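First structure 1, then structure 2: two forms of the same chain, each alone, as structure tokens.
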Structure 1
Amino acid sequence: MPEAYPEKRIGSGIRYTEIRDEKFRSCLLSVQFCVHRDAASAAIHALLPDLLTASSAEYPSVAEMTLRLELLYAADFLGKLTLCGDDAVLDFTASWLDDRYALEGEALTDEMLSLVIGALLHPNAENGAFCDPEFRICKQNLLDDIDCEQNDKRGYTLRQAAGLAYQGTPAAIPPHGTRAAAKKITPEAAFRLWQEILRTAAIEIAVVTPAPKPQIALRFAEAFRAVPRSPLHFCFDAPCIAKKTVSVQEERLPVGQTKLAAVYRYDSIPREVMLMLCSILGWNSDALLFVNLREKQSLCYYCCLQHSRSKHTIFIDCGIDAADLNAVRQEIDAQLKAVQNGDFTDEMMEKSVLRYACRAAADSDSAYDTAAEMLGRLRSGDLRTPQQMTEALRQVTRAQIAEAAKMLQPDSVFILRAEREEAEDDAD
């Protein structure tokens, strides 16, 4: 079983957590920078994870960085952006073979620490600007990602619904920012913002190793002593602002399938109760929404539910025929009403607990998932272990789930109406 050691501060606004599990044969390091979002910085935030893992001052090209990682027994060094309420997290993750298994006795951990710290604190930049061609390539990758997002109509529908629900807050900004903002990014502006992030971000470092590696905390503490730190305050709990009336927006595009996304908000529901509610209502193939809308009544092609814990919202989205739009909305309301009335089985409750326990057990088989689960707990302030959460789920009652469902308030509805579908109907 993994053994988590108490987190400690290794610098101003820098928290370090170590998890040891002897079953792993490799090590994993996650360095997360928490940042505030705004329209001007969102696109640069999306660019930086790709840019900073592509090269560094020591390995100033993608080819050299890739070769170095290959020589370290095919180690990985990847970056990604995750949205957290109104803020975001730039996550840099490295994984490498544990030193005990190096064929020539190489100090792999020390070498990976040099690579990661070098990439973050000494990036591929000169004269206050990131260098080409790596900057130009990563910027084009970002523009391509934004273009691809436009072609994913389900994702587009969810982003438009989020923009409608979170209007006026940073959470309404698209994950990768806008294309117009991305086109304007300069090497100088990106480097300037990264230097600001190094100074002001709250930094979470999590390590999963099969054996003690005290040098990791020491190396990061030493490296960041050279950075003039003034960390900002972050609170990831940012509830959706209540609206006086439900916002409804519709857009028509020449697509073959109408999309519907309905957003509901709530004020405060215990995490374990919300997990049970979401599982019973829409997370699984035997949940009420899927069974009734898709399987029994054939009103949709798919029906999914997503929960944003930090924004206190749930999203229900469906792919439908335009002619069934009103029937779908009525059936969603009917299934929500069923949960409010406690009209679900004991078997559904038990399955919800077992699914969570199964996923939690599976997470412990992966160093990446183990680190992500720990970092999620730290970020939310809910430090209960998966085992403790499983037990909390078992204690949730039918009445608690029903009362939680009554707290869900309709907030926003976005409809992507298929023009092509309507034209075909008119032709008939």
Structure 2
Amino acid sequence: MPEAYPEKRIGSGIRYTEIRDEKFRSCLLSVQFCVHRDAASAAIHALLPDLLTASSAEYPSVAEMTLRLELLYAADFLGKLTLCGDDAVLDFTASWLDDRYALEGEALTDEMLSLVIGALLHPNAENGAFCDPEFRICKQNLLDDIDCEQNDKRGYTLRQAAGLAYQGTPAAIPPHGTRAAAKKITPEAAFRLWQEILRTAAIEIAVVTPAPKPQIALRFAEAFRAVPRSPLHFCFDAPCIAKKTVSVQEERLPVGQTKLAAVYRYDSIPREVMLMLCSILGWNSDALLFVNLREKQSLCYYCCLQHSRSKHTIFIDCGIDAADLNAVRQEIDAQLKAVQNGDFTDEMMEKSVLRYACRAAADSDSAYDTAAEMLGRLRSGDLRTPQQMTEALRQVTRAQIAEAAKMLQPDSVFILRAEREEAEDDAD
């Protein structure tokens, strides 16, 4: 079973947590930098995870970095950006085979620590600027990603809905930033911002390992001793601001299926109540949206619900025929009304608790999910373990769920309307 050791400070604003679990054959290290976002920095934040994992001073090209990782038995070193409330998290995750499996007795943990610390603190840069061609390639990749945002129609619809709901706040800035901002990034500006992040970000380090690895904390502490840290404060909660009227936006695209994303906001609902509400409305196999929109009325293939804890919002999205738009919106409202009226069974509540427990157990069987769960707890400040949360879910009443559903306010709707479908309907 996983055994979490109390987190400790290994530097100013640097928290370190180690979780030991003998069943894993690999070690996982996650280093997260929490940063504030604005229009100018968002694009650089999107660039940095790729740039810093593509090469380093020691391995100054993608080929050299990849070759090193392959020699370490297909070790991984990946960067990604996630949004959290109005802030962003630059996440660098490395995983490697535990030392005992090395065929030639290599000290894999020490080698990987050198690689990761090297990439983060001694990147591929000279004279205060990231080096080309790696910088140029990563910047072009970022521009391509921005240009290709519409390739994934569902993701695009959800991002547009978020932009609408969070208008006027940093959370409305697209995850990759704007094309104009990305175009303007220089190697110097990107390097300057990374140095600032090293000084000011709140840093969370989590390790999941089958055996004690004291050298990880020691080496990170040593590495950051040279950095003049003055960490900023970060706030997990950044609720979506209430609007006077529901924002509705529509865009047309030559595709076959119309997509709809509806956003609802709330002021304050305890997490356990919100988890129960989401399960009953959209997550369980007999969730009201799934059963009514898909199974009973065949209106869609998927009708999904996502919850943003930090923004106090839920997103409901589905792919439909444009002709069914009104019917779908009415049905979503009707199912929300059903929850408000307490029109769901005790069995659905019990299943919601079981579903959460099953998911928590599944998370504990993956090193990546174990680290993510722990880091999520630390970031949000809700330190309850999955077992404690399961118990909290059991205590939630029908009245609390119904009351919470009444607090959900329609906020924004984004529709990606299929032009091709409409043209075919006209032809008929």
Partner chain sequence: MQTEIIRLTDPCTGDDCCRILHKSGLEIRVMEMSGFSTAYAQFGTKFGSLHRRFRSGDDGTVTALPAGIAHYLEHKLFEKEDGDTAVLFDAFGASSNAYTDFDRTVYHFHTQQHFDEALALLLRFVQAPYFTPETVERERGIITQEILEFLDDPTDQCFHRMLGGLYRNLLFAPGVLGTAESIQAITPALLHECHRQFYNLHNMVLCCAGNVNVQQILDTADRVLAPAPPMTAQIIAPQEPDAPAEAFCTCQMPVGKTMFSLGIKSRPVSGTERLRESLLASLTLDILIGSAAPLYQRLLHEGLLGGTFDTDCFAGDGWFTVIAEGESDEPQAVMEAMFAERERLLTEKPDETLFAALKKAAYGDSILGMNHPEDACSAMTDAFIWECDSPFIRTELLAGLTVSDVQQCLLTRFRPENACLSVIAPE
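Think of the rigid core as the biggest set of C-alphas that the two forms share within 1.5 Å after superposition. Computed from a prediction, not measured in an experiment: that's the story for all the values here. Please note that residue numbering is based on structure 1, beginning with 1 at the start of its sequence.
Of the two copies shown, the first one, structure 1, is the form predicted alone. With the core held fixed between the two structures, residue 234 has its Cα displaced by under 2 Å.
In a rigid-core overlay of the protein, residue 168 has its C-alpha displaced by under 2 Å between the two structures. Core-superposed comparison between the two structures: the Cα of residue 343 travels less than 2 Å.
Fit the two forms on the rigid core and the C-alpha of residue 71 turns out 2.5 Å off between the two structures.
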